[in-house]
Each structure stands twice: as structure tokens, then as C-alpha cells.
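This document starts with one chain, in the form predicted on its own, laid out as C-alpha cells.
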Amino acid sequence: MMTLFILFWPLVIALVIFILRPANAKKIAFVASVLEFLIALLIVVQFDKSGSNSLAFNIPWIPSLGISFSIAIDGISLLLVLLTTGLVPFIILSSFESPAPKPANYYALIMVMQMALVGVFTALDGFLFYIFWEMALIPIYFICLIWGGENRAFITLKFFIYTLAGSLFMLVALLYLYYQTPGSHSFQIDAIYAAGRGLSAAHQGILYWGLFLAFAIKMPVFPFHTWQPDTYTVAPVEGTMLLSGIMLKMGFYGVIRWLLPVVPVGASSWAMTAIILSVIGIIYASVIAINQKDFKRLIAYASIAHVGLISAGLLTMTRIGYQGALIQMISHGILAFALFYICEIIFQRTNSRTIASLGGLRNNAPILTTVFMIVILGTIALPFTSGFVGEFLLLNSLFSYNIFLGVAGGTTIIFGAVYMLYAFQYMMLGKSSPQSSTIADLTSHEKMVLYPIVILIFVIGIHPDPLLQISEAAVSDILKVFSTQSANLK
């Protein structure tokens, strides 16, 4: 029942806010999201780390078509449910001092977005997974279109078309697998797995790209990334946080749950190509980030670079790559949220995101400067920060797979230090500018948002084992697929 509650509670609150349109919509959304997170923590306490699944709910939905309302939470799902339910309260709280017009609509859409994200991370029926996947696109589309910045209509349409096109490829692949299931066809994940693994290597390779394209656009991986920088820049800051902190993890989750175990032979055959594309994305996005003048746009390209490393490590299909990808997804969500929030704080005070026009901000904002520095250190993977754990595991898996790709992927640390420390130096430590005289330090409200994030950066960096233990059994189950398939081929 807790799985049902954590899925539908945000939708209930969204409907209440949208229909009643209360004046305190943001407070209702915040309290509801905190309750959602507390339920997620209760699930963690009760979760069986051995791998047995006691949090499943499965009833027939459209029996004549083999469609079930099947949801469950295993270790992989739980980490992403925790990220979703943990970040949404902070995203809502961060908006309190700069409320959006039509707040009832705004916060209702955020809650619908949360419901769809949780649905993606818990669905065990291919049709249901696709429904939630598409549902997640609708609220973020309207958030960006209505509350976005300049030229938002064209940019949001491009984002919508990109992701919808990728989703159609995924739908075709799922339908093909559905008709390969024996007997009465089914979308249940076990049936989809069996159908995919029963295909020839050539057919698995075709299906691999049909599914991977949808997930690569969402992540996004080079060269399917072109919608991202513009969308992140024009979206309202809460929309950008949802996109970068949580929504792009849908793509990684799709790879973990609905790609690699479905077509393991196709995944092995095309792994090198996909990893090379991911590594190209690391270098390409990093070089462009170094040349950015707008700080928000710099963060957008930095996100592409970090996403490339997660994708490359994950596609090695090793235990350490899986675990590294999962913990880096958590870290990236936390750090991306903090960076975009700090960017918004600076913009609200100075009316500028241009790095060259900002300088000497530390003189009047020492606490902001300190928090900013800690977030940057996490982003560039300093030891004892959350960013280090994931990047170490991912690079380890990449070096084991191919030393040259490992070296190329490792440039993310060097490039990251260049563009992040460059931005920090010019904005916080550079020569004083007219804007620096008008900036004020963090308010009590902003400290309430950022201080817990700083604590998490160090807690995950120093003691990541609880997160790794949660996902260990589920990762082992997926890895058995590859060993079994390899044995059958022999």
C-alpha cells in the first residue's frame, strides 16, 4: 500500500490545489511533498536489502491486451524514488521568496510531475512505463512554456518534439517485444525480458537503438543533446531543477531497467559505439562550458559532461559501473539543484548571469561564497564529497573496459575544475563590480534550503555504503542476465 500511496499522493494534492485554488498553494504543496518524503524514508527502514520484493502491487488493468497496473520498488527504484521525493520539497521551498504567477497552476503541475516521475521509477509493465514516461513530459512542458524566459515558445516546442520523437521509437520497440511474447501477449516486464532475450543478435541490435534513442535524448547523450542548453536556460529555475535534478534520471533508469536486461546481446554488441558517443559528449560539452559567458548556460553544459560519464560507466555493464552510475545520479541531482539555486540567488540580487559582469561577490556575501565553493568541490569530485564516490567508480569501470576511453573520460575531472573554478574566481573572487555592492548574503530561508544540501554532499562522500547496499541485490539480479545470456550463446 505504501507504494500506491507514494505514487498517487502527489496527484491527489495536485487535484486539490488545481480545483480549490487555495491562496497558500505553495505551502500545501510543500507540506504534501515533505509527507511524501517521510513515507519514502519509512520504505527505506522497512526495505529488505536481500532483494526480496515486498513492495509490489499488481492488478489486471486491460486483461484482454495483457496490460497490468504493476508497480514495485526494488533497490534501484528506491534510490531514485528517494531522489525524487527528497528533491521536490527543496525545489518547492526554494521558490517561496520568488513566487510564480498563478501559483495554484504552478504547484499543481510540479506535483503532477512528481507523480509521473515516481511512476516511471516503479512501473513493471511496459505499457504503464510508457504512460508515465509521457505523463512526465506534459507538466514540464507547460511549466517551461508558461513561466519560462525569452523565446520560450520555440525552445519549449523543440524540447517537446525531441523527447516525443524519442518516445515514439521506444513505443515501437515495446510493441514489437509485446508481439514476441509467447501465448497471450503481455507487457509484464518478465515477459518483455524473455521476448527480448529470445531474439537473434541482429534483432536485438535494432531494438537496442530503438530503446536507446529515447533514453539518450532524455539524459541527454551526444549528439542527442541539442535541446538541453536552451531549455535549461529559459526554463524557470524550478523547472530547470526538475529537468536536471530528476527528469534526466529517467533516461538512465530506462537503460538500467528497460534496455540492458531486455537486449543484453545487442547491448554488448553496440556498447563500444554508445560509450564512444558518451565520451565525446564529455569532451565536447566541457569545451563549450569553458567558453560560456552565461553562468546558467555553463551549468547546463557541465550537466551534459557529467551525464556523459554516467552513461559511459553504466554502458560497461559491470557491477562497479552500475553502482557508480546510481550513486552519481543521486549526487548529480543534489549538486545540480544547488548550482541552479545559487545561480538564481545571484541573478535575483544582481539581475545578471554574465560571469564577466560579476566580481568580488564574496566581499558582501561570505556565506554564499563558502556554500558555493563546497558545491563546486562536489561537482569537480573532490575526495570526501558526493561527486568523488560516483566518478571514482565510473572511471574505474571505464578504465577496466578500455584504457583509452578511461583516459578520455577522466578528462571530465580536469575540464570540470577549469570551468567551475573559472566561474568561481571571476564571480566571487574577481575584481569588484557594481553588482557586488548590491548583493546581500544568504537569508535564513536560503540557508534552510542550502545547508541540508551541503550536509548531504559530505555525508554521501564520506559514508556512501548505505546507498550502495540498497541497490546491491537489484544490481546483482540484473547482472545475472548478462552471465546467463553469455552462457547460452556458448
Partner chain sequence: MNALLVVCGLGFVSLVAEIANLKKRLHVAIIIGLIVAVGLVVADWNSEFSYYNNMLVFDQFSLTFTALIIAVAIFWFCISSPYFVGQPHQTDRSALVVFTMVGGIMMVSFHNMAMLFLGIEILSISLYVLAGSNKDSFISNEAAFKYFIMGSFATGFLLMGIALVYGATGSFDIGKITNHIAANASAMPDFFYVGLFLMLVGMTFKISAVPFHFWAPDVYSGSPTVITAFMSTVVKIAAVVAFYKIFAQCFEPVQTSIVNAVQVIVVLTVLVANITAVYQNNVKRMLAYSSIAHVGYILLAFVSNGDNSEGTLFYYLLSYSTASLAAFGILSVLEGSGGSTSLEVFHGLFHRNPVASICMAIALLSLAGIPPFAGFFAKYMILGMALDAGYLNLTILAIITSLIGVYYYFRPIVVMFIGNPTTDRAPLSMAQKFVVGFLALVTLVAGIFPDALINLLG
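Numbering follows the first chain given and starts at 1. Please read these numbers as outputs of a predicted model, since none were measured by experiment.
One more form of this protein, predicted together with the partner chain, exists but is not displayed; see below.
Visitor: How about Arg152 - does it come within 4.5 Å of the partner chain in the predicted bound form, if we only consider non-hydrogen atoms?
Guide: Because a heavy atom of Arg152 falls inside 4.5 Å of the partner chain in the predicted bound form, the answer is yes.
Visitor: Any chance Ile62 has a heavy atom within 4.5 Å of the partner chain in the predicted bound form?
Guide: It does: once the partner chain is placed as it appears in the predicted bound form, Ile62 has a heavy atom within 4.5 Å of it.
Visitor: Should Asp190 be classed as touching the partner chain in the predicted bound form when contacts are defined as heavy atoms within 4.5 Å?
Guide: Looking in the predicted bound form, residue contacts with the partner chain do not include Asp190, since no heavy atom lies within 4.5 Å.
Visitor: Against the partner chain in the predicted bound form, would Ala165 count as a contact residue? Criterion: heavy atoms within 4.5 Å.
Guide: Residue-level check for Ala165: yes, a contact with the partner chain.
Visitor: Pick from Ala202, Val172, Val287, Ile276: which has a non-hydrogen atom within 4.5 Å of the partner chain in the predicted bound form?
Guide: None of the others qualify; the residue that does is Val172.
Visitor: Among Ala408, Met135, Ile342, Ile320, which has at least one heavy atom within 4.5 Å of the partner chain in the predicted bound form?
Guide: The residue from Ala408, Met135, Ile342, Ile320 that makes the contact is Met135.
Visitor: Quick one: which of 123 to 131, 307 to 315, 86 to 94, 382 to 390 gets within 4.5 Å of the partner chain in the predicted bound form, going by heavy atoms?
Guide: Comparing against the partner chain in the predicted bound form, the contact stretch is 123 to 131.
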